[in-house]
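Below, in structure tokens: the form predicted on its own, a single chain.
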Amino acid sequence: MDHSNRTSRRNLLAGTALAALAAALPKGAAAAAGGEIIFVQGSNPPSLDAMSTSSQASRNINMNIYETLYGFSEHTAPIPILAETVVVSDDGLTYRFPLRKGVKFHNLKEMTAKDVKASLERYRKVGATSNLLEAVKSIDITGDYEVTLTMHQATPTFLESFCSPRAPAVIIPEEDALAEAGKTSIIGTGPYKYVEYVPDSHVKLTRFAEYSQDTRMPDIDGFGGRKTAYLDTVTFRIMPEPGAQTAALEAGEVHIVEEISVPAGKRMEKNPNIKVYKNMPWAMLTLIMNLDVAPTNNPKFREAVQVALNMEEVMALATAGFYELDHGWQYKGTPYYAGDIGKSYYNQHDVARAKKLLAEAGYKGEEFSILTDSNYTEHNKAAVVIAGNLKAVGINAVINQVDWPTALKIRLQPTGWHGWTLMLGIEPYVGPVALVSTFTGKRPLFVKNDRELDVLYQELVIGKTVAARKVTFAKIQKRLYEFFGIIKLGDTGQMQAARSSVEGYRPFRFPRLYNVRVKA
């Protein structure tokens, strides 16, 4: 095992060393449990089977119900959650996960290695990011409370990938593991348990009285840490209309709104009864191409789309001014930011060049259908500006706007769409492996695989050091600006708002509604 792997291993084992210290700290339940909190989001969750969906609307809810073996800390370092730790062999070929004992599922069954193995085997079949386990050769029970993952080859990035919350590898009861995608019992180990889902209305959760709190840390940390369910119930209310969301918040009818408009946020900052939270960058706004149908199966046509777009115009309208222009496929200031690679293609709005490329592509005015949805303002407003930019260069652009769950279904079809507006939120946050994994595998976002990108992804995941992986990621960014399967429009921010009576709420990649209370 090289020095970087030894350091990584020491860091991973450090979590258990803190257990005795953390256990001596006060439990943190300074106020009595009780009451209800209402969290508002704009769309229905397409599924409450956490493994099978990568939707933010689902993740908001699911990460309060389910837990994983490992997850990311506040600063995207892997930390144990349902696992006690992980022991990585010197050759990097085995990952042994001793499990926390006494952890209860919502059906009051104790979690054992059988549940973990069954859950991970199911994830390989139905996981929306199942390629995160491609490196795993076998999943074996090596004790009543221990599982061991054996790799095909040493994969230094495995644990980072495994922690991805995009479509998390949650642990569910063994008896649920044979369920088809979307048909589980919605039973997890988290601080809140499922009660009901009424589409277009709400999802209701209730406090899990038998929750097995992780006492190794004094407080929550990213997706893990010490979670306390203070509230009796948590209701996720579905309200598609942004104006209705802010009106309900200002009237005190709801407690937290997932995303508010920039004008509303500026106005509500002056309201002493409301606290506004700003997150930047939050997501990358993109236009995804369908590489398997004409005219987008032609790289010259896709290049024409890239150079035709005025990114500043798209982002300004889509985000009401809360954005940053950047061509990079990792955020500035992060270890994998690839500098100016691809910048010459970004924000060109070059009409003459786009028309020349269309001529080279043999484009004859075929329809370019832009799939978008009515639930996310950034998506549908971006589609409008994109369509205008493309019509200006002679592309027959039309917009197909549907609701969010329908958009997710349509984009899985091989035909019926050419471009799709989508914010990639969790993937860039997690890092290059998680991001690029969505561009490869059985069903890449742009439908058809790019062979060169697939090879580079494999090179990325086995890179032994950050420096080596950074070199590979630079090649990946270069390739993305060569075949144009996905176009980055810019970085978006997110504004959230909560009633000032809400205590303990800290914005994160999903709403952590444990450790939150509401003042009377």
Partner chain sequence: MLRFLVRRLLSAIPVLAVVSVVTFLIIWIVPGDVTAEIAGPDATPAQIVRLRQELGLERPLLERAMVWYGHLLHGDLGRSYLLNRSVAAAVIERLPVTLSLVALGLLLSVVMGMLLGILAAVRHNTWIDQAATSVALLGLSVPDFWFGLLLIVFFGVQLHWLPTGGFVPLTRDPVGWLRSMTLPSLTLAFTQMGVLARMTRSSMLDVLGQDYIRTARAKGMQAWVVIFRHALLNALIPIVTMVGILTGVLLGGAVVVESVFSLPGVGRLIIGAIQRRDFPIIQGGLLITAATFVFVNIAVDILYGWLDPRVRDDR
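Numbering follows the first chain given and starts at 1. Bear in mind the structure is a predicted one, so any value in this text is a computation, not a measurement.
Not on display, but discussed next: the form predicted in complex with the partner chain.
In the model of the complex, the partner chain lies farther than 4.5 Å from every heavy atom of I81. The partner chain is not shown here, and in the model of the complex it never comes within 4.5 Å of any heavy atom of R302. At least one heavy atom of L412 is located within 4.5 Å of the partner chain in the model of the complex. Contact check for K114: no non-hydrogen atom falls within 4.5 Å of the partner chain in the model of the complex. For the options G328, P218, P405, P281, the one in contact with the partner chain in the model of the complex, meaning a heavy atom within 4.5 Å, is P405.
Among G388, G339, G321, G182, the residue placing a heavy atom within 4.5 Å of the partner chain in the model of the complex is G182.
Contact with the partner chain, judged by heavy atoms within 4.5 Å in the model of the complex, is confined among 198-206, 223-231, 339-347, 292-300 to 198-206. Annotation for 415-445: interface residues with the partner chain in the model of the complex are W420, L422, E427, T438, R443, L445 [heavy atom within 4.5 Å].
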